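Heads up, the chain below is alone and in the form predicted alone; it's given as structure tokens.
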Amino acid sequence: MPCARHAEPELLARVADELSAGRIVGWVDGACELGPRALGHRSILAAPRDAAMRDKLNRSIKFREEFRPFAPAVPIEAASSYFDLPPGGERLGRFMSGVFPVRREWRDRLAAVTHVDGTARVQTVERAMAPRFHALLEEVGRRTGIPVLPNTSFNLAGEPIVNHVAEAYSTFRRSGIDLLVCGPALVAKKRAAQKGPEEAVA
């Protein structure tokens, strides 16, 4: 399958393009994460606009019940535009520690992350805490008008969250994830690949 190394702006642009086109991305960046939430270092990312994406993530990636929702990640400075946050909600959302209403005018375009009661477990992303993930959300926003991505932990049902690159690659190969990003490297399955002169076969 094609593998390539990209400079940072090129990689973020490519990943944002793929997400905007409906691809599912395994995202490995920096140190591993511990605890009950994936906050942008060991994450599976996708487009938020379609409830069918939620169903696909549950069926083909997480292998779990179809009703289970996914958390929306959004730059902290844009969060109140899409979610009805109470005072202090932006800070509470840094660790996905609160559930807030999705603003009614955005629910159709954020169907993959909106619960049946119109709420979402929001992750507000600060540039200082996760600069690369924050930059990716901004790139997605420039393409789609909505800097929001469903963010779920990088693991399959019954398995721990991935730690090393080898574990991420194994999970990528055994699931419906289309692309894998580990630092500057991007690996694409054939159905998601866009051939270019800089790409080599892994």
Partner chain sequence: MRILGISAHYHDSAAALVIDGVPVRAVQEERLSRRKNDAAFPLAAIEWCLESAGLEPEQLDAVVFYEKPMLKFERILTMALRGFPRSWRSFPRAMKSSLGEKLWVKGIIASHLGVPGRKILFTEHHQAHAAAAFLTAPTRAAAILTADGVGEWATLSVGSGAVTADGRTEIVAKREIRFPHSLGMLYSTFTAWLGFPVNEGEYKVMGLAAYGRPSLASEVRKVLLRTKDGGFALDLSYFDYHLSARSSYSAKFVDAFGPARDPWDPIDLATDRGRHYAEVAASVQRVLEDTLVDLATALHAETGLPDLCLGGGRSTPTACILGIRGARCRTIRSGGRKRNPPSSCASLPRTACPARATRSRSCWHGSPTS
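As the structure is a computational prediction, the values presented were derived from the model and not from experiment. Positions refer to the first chain, counted from 1.
The form predicted together with the partner chain is left out here; the points below concern that form.
- Put simply, Pro131 is far from the partner chain in the predicted bound form: not one heavy atom of it is within 4.5 Å.
- In the predicted bound form, the partner chain sits within 4.5 Å of a heavy atom of Asp84.
- Contact check for Arg109: no non-hydrogen atom falls within 4.5 Å of the partner chain in the predicted bound form.
- Mapping the unseen interface onto this chain, Gly176 falls outside it, with no heavy atom inside 4.5 Å of the partner chain in the predicted bound form.
- Remark: none of the three candidate residues (Pro75, Thr152 and Leu180) comes within 4.5 Å of the partner chain in the predicted bound form, counting heavy atoms only.
- For the options Leu136, Ile44, Val162, Leu57, the one in contact with the partner chain in the predicted bound form, meaning a heavy atom within 4.5 Å, is Val162.
- The partner is not shown here, but in the predicted bound form the stretch 26-40 reaches within 4.5 angstroms of the partner chain through a heavy atom at Cys32, Glu33, Leu34, Gly35, Pro36, Arg37.
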